[in-house]
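One chain follows as C-alpha cells, the form predicted on its own.
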Amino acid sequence: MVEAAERAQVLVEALPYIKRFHGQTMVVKVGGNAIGERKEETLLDLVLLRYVGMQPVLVHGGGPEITAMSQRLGIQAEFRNGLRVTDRQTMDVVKMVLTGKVSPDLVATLNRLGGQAVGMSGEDGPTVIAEPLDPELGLVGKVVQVNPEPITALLERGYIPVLASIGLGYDGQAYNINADTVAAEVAVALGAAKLILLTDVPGILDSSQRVVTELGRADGRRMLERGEVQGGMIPKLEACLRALDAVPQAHIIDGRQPHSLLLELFTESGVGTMVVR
C-alpha cells in the first residue's frame, strides 16, 4: 500500500507539468553515445509524452555508428571542434547509416512500445535546407532554413516524427549536419516549448567539474569565448543558445540516467543543465 501511495503521489506531482505542457511541442535530440543501453527507456518516455498530450519530435545523429561503419570500410574519421570532416565517401556512409539503420531502428522500437512513429530525413520535403559550413569540413552543412510543414503534418496526425540530421542544399547535394544544430533549428521553426539534448555526461560542467544546473545566455556565451567548453559540448551549447531565440528553455541532460527525460520535464529539481534567456 505504501508503494502504491508513493506512485500515486508521483503522478500528482507531475500533474502541473503535464497540464503546463499539454499540446506543446518538445524537440528531443538523441545520439548513440547518449542513450546506449537506455535506448528503450528513453523511447518509452517519448511514447508516454505523446499519450499525455505533448508533441515530441525526435532528432537523431549517429556518430558512433557512422564511425564504426567508416572503420569497417577503411575510412579514417577526422573531427574539428566536434564536427566530422565529411568528404563524398563519408557522406555516403552518413546517409547509409542514418537513414538505413539508425532511423529505422528508432522507428521500429517506438512503434513496438506503443507509439506511432515515422522516420524522415531533412532531405524529405525538403525539411532542412543547408549550405556548406566550412570548405575545410567538406560536406558539412549549416541550416539555412527549416520547412516545418512535413513535421507538423505528422504531429497533427498523432505521429512522432523521427528526423535524421541530413540537409539538402540548393545545389541538390546532401549535407551532414550536426544533430544538435538541426534540433535547435527545428525547435525554433516549430516554436517548441523546450529543446532537450541528451548527452553522455551529467551536463555542462564548471571549472570544478560540478554540473551547472542553470546557465544564463550571457554566461553561456562567455564559456564558449573563454574555451571553457570543449569538444562535442561546443555544438550542444551553441545549439541551446540559438534555440533561445524562440524557445523559452533548452536542456542538456545525461541520457545514461534512467528516465532522465521524465525527470527533467516532470520534477522541480530536474537533471542536467537548463539554459535560459
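Please read all numbers here as calculations on a predicted model, not as lab measurements. Position 1 is the first residue in the sequence shown; the rest follow in order.
Below, we refer to the form predicted in complex with another copy of the chain, which is not included among the displayed structures.
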item: Partner-contacting position among Ala193, Val85, Ile75, Val201 - heavy atom within 4.5 Å of another copy of the chain in the predicted complex; value: Ile75
item: Interface residue in the predicted complex among Met69, Val212, Ile234, Met223, criterion: non-hydrogen atom within 4.5 angstroms of another copy of the chain; value: Met69
item: Segment that reaches another copy of the chain in the predicted complex - one of 213-221, 56-64, 248-256, 41-49, heavy atoms within 4.5 Å; value: 41-49
item: Gly138: touches another copy of the chain in the predicted complex, heavy atom cutoff 4.5 angstroms; value: no
item: Proximity of Arg7 to another copy of the chain in the predicted complex, heavy atoms at 4.5 Å; value: yes
item: Another copy of the chain contact at Pro126 in the predicted complex, heavy atom, 4.5 Å; value: yes
item: Val118: touches another copy of the chain in the predicted complex, heavy atom cutoff 4.5 angstroms; value: yes
item: Contacts with another copy of the chain in the predicted complex - residues in 140-173 whose heavy atoms fall within 4.5 Å; value: Asn147, Glu149, Pro150, Ala153, Glu156, Arg157, Tyr159, Leu168, Gly172
